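Coming up is one lone chain in structure tokens, specifically the form predicted on its own.
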Amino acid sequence: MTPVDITLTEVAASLALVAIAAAVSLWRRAELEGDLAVAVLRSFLQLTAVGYVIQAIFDSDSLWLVALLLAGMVAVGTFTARGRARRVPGALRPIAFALSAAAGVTLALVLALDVFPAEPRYLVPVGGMVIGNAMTAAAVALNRLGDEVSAQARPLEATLALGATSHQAARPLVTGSLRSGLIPLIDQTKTTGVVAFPGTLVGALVAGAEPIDAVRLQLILLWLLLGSVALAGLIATSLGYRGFFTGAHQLREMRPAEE
């Protein structure tokens, strides 16, 4: 595999495509030019900083630093997902547990099966992909759960009044919410290679990998993500729904949507 050497001049040249997006926004008066500028600036600063951090971890070859970095990503991902699921009472702990379990179980399985060696060069990107996708799935599932509980409050109370437990009453809503969290990645996996090429495949090909090797790497990561996202969604919804009910199996008062 031939190393890729990208200069800052080449990076800057790619702003021509951003200029096209800004021109479209101006033409259609979408007023997105400011957001585009902020997005470009933030992505440059954030990715550059992360690049230096990852380089330092690679140079040190320390698994403790890898664990520290992934723990920080879990923390940021937890608060980000919590912001999207504000209607779910006490969602912080279920999300944190879901992301931690998804990352921990996935990396442990990867190492146990000898899919990748226990080196920072492999654990950092794989762990980051798992945490990012698990965060999205948990946020989508819990956001849907909050909407469903709010919309179905009266039927839920009626079911509880008839003697059902909170688990029994919420089961259909939890199942539907879990599906919402998993469907995007499932659909992406179904259409991989037909509708679009995933980022890992493109990156490996650009870096000089043989096409078959790039495909096999992409398959490993896709299947790892499917399992980790399913685990994260299951944990988040299975624990998250409990916040809507009291210990006496009564439905709590719902928070307003704008909170």
Partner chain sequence: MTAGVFALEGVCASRGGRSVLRDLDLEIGEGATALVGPSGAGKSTLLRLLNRLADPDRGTVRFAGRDVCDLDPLELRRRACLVPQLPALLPGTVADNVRYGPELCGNEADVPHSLELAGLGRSYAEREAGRLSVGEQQRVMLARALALEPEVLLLDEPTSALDSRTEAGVEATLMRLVHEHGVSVVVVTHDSGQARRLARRTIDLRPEAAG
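Since the structure is predicted, the reported quantities are computational estimates derived from the model, not experimental observations. Residue numbers count along the first chain shown, from 1.
Another form, the form predicted in complex with its partner chain, is not on view; read the next lines as being about it.
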Scan L162, I183, A112, A151 and let me know which has any heavy atom within 4.5 Å of its partner chain in the predicted bound form.
-> L162
Can H249 be called a contact residue for its partner chain in the predicted bound form at 4.5 Å between heavy atoms?
-> yes
Flag A158 as yes or no: does it have a non-hydrogen atom within 4.5 angstroms of any non-hydrogen atom of its partner chain in the predicted bound form?
-> yes
Classify Q168 as contacting or not contacting its partner chain in the predicted bound form by the rule of any non-hydrogen atom within 4.5 angstroms, answering yes or no.
-> yes
